[in-house]
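This document starts with one chain, in the form predicted alone, laid out as structure tokens.
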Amino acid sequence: MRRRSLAVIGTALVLGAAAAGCGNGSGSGGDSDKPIVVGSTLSLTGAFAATGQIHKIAGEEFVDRLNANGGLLGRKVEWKVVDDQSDQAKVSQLYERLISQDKVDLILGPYATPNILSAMAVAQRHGYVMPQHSAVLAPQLTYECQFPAWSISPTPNSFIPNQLFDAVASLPTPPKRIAVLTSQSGSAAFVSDGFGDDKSGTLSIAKERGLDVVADIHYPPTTTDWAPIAAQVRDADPDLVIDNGLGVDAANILQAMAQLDYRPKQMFGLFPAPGPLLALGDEAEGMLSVSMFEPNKPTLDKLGPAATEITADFTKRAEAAKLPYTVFETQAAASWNAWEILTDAVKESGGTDQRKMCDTLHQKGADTTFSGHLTFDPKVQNFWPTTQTIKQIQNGDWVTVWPADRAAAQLEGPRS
């Protein structure tokens, strides 16, 4: 087991400055000749790799820009990122190694809620601040020094379906019959079924709103044969298909439906990898999803030239890495937020003392390029007022369509 763990660690990618020094995570600045080392894992292979690669490229870009502008506290920054292979069982071991043996100065959370929960337990045991970019289920995130970079209110299991149903209710012909597909992953199931004592979710809220749930299908995250699910949806004939799933689930479901010569009238995917859906072309036209950020021109114009530079550089890097979708959107924005939360904590506290960093974020919050000033209240697990929107594929591109006052385009209704 020890040899295996060393082999996994050996795949770490060290980014930024070339020097190999590392701190103990509790200093006030340390030797200015040594870099500040940030440790984390990402899912660079396995089921979550399509999204993990987005976070890797965003992080590389952030570190490069940071170092080009003097680094942190006058020191270069290195990022030691390890492939957790999309395997929650590996995450705790890897973060323990990063903190206890590699003695990184700072950490960032991994991708995907189950992985983040494993990393959070290690961070809490060692008292490390842990910004994390993609876990949104507030009741699970009880460690006071984890800081979310993506916020969907303290009760996302209610907010997400209500926002979606508000959006489609604005259409000339709102849906009446819905099919709900649910990945049994910890990153998605709570949006359908609720969490703990709070049973509010897509299924219960749909019924409260008078919608007819004509199919309720739960599937394991390891599903590879999507044909039976596609057939059940086709036979139920819903007006709206809701896939509370991850990664390429929605793309796989649409492809399975197409093989049955069936096309849903309208479809929503919770946390999909954006590229594979666009690659489907007309099959995915009209697809809906949640978004924290889309680089639509009206949005970029409001944010100013720095945001435009960041998004353009990301696209160049993503193209060079041959990512299927090269646009800087929600996942990349969440990653950027996490890095800005971490670096603000260091700058405002004057060092890498974890307790001071945590207290500083609670007291002062953090400034971010894409979500503005964030405030962190431990009473609501540090979740800040949400900026979430609904996006839709229109003419082969993702655009923000809801709420109306933040939309770059008008929400389009079901296909005829």
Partner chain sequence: MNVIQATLTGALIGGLYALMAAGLSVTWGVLRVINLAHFGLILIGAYLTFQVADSWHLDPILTLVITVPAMFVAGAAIQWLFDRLRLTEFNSLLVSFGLLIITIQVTSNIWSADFRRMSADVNPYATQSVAIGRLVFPVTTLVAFGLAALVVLASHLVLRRTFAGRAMRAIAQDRAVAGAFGVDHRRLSVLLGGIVGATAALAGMVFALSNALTPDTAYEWFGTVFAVVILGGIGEVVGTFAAGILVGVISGVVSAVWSPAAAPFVLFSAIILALLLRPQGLFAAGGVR
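Positions refer to the first chain, counted from 1. Since the model is a prediction, treat every value here as computed from it, not as a measurement.
Although not depicted, the form predicted together with the partner chain is the subject of the following passage.
For the three marked residues, F165, L171 and R177, no heavy atom of any sits within 4.5 Å of the partner chain in the predicted complex. Only one segment in the set 339-347, 234-242, 68-76, 298-306 has any non-hydrogen atom within 4.5 angstroms of the partner chain in the predicted complex, and it is 234-242.
Only one of the listed residues (A215, A138, L323, V327) places a non-hydrogen atom within 4.5 angstroms of the partner chain in the predicted complex, and that residue is L323. Proximity to the partner chain in the predicted complex, defined as a heavy atom within 4.5 Å, singles out one entry of I152, L288, A273, L108, which is A273. Contact between D225 and the partner chain in the predicted complex is found at the 4.5 Å heavy atom cutoff.
For the chain shown alone, P385 is not a contact residue for the partner chain in the predicted complex, no non-hydrogen atom being within 4.5 angstroms. Interface residue remark: P220 is counted as part of the site for the partner chain in the predicted complex, having a heavy atom within 4.5 Å. Interface membership of T45, defined by any non-hydrogen atom within 4.5 Å of the partner chain in the predicted complex, is confirmed. Contact residues in stretch 231-265 (any heavy atom within 4.5 Å of the partner chain, taken in the predicted complex) are A231, Q232, R234, D235, G247, V248, A251, N252, Q255, A258, Q259, L260, D261.
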